[in-house]
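Here we start with a single chain on its own, the form predicted on its own, put down as structure tokens.
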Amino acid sequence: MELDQRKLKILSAITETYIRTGEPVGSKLLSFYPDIRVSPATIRNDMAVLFEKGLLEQPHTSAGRIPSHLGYRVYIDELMRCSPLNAEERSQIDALFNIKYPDPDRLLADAAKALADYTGCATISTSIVQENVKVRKVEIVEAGTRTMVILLMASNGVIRNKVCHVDFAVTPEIIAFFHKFANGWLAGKSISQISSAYIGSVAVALGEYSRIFTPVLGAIFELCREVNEGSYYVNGFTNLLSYPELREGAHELFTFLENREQVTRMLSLTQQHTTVIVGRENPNQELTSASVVVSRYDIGRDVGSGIIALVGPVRLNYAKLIPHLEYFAQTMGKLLSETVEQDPQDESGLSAEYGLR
């Protein structure tokens, strides 16, 4: 869209002022801005041109203007200047990830909460599992005379566990037997290949023991399915209620964000490292009054990737939030990569956390 420099400066000033104050911006106020320095009458003429081009809106009978969703898009793509994080801001984010042996799921959940607290937005944190993720190890822990805990460790660092009740007495001998058997059939196997049919073939290999170990095999299959689905965490719903423009449709927005399938489909359309979806650009009706800022990160060895996203009002402070979100995603991706790349034979930290040796 062709606009002269003065009109671009006016659009930028209106957008940044409205983001900061939440109030429509008038020509008199803009005339005092050092980068503009023209009369209110001239500014009103330029504002009229911007309005005709669909870049500004006039709310109700106010004399001021606010950016339209298209105006925000021009601002983000052409006018916005993001400032890099300073040392203190980086240190604050680094401190959140000062974990020696992180559990990826717990890290994703904590990241969603920490980012929601910091930004005042709702946050989404997801992981996407690729097909070459494998079962690293299966552990069996005695939890009672007829109860055991199954832990499944995947090559992307994810750990899943499930309590399993059985119809036989759990003894050290049975634990040792099934541990050896399960790892023989599952360790090194691709998570995506462990189907119900494959578990059925494992049960056949157990022979006369297949019936009593059916609940354990079923638990392992469920754990593999959970790992293959990846993770999904949402936090900060109540933050959105502090924005008047989001309160009216809050119920519909919250319901949408809780729908993992719908949100994942929306996020999968964002292919760039960082993407901003402004209001009505989003095809989902529930998000037409909100903006979504998405940042992607990769995990080592091509075993997966993840997405961190902010959901807030259209008048977000994009110039401030985007650098924070990108550094947050970069730091989390690096930590998860280091977790994946640790020596598979040296899992003392992970084992100790779950009471294993």
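The structure presented is a predicted model; accordingly, all values stated were derived computationally and were not measured. Counting begins at 1, following the sequence as shown.
FYI, the form predicted in complex with the DNA isn't displayed, but the following is about it.
You can rule out all but one of 306 to 314, 319 to 327, 32 to 40, 288 to 296: in the predicted bound form, only 32 to 40 has residues with a heavy atom within 4.5 Å of the DNA. The DNA in the predicted bound form comes within 4.5 Å of a heavy atom belonging to residue 27. In the predicted bound form, residue 53 stays away from the DNA, with no heavy atom inside 4.5 Å. Heavy atoms of residue 58 reach within 4.5 Å of the DNA in the predicted bound form, making it an interface residue. In the predicted bound form, the DNA sits within 4.5 Å of a heavy atom belonging to residue 47.
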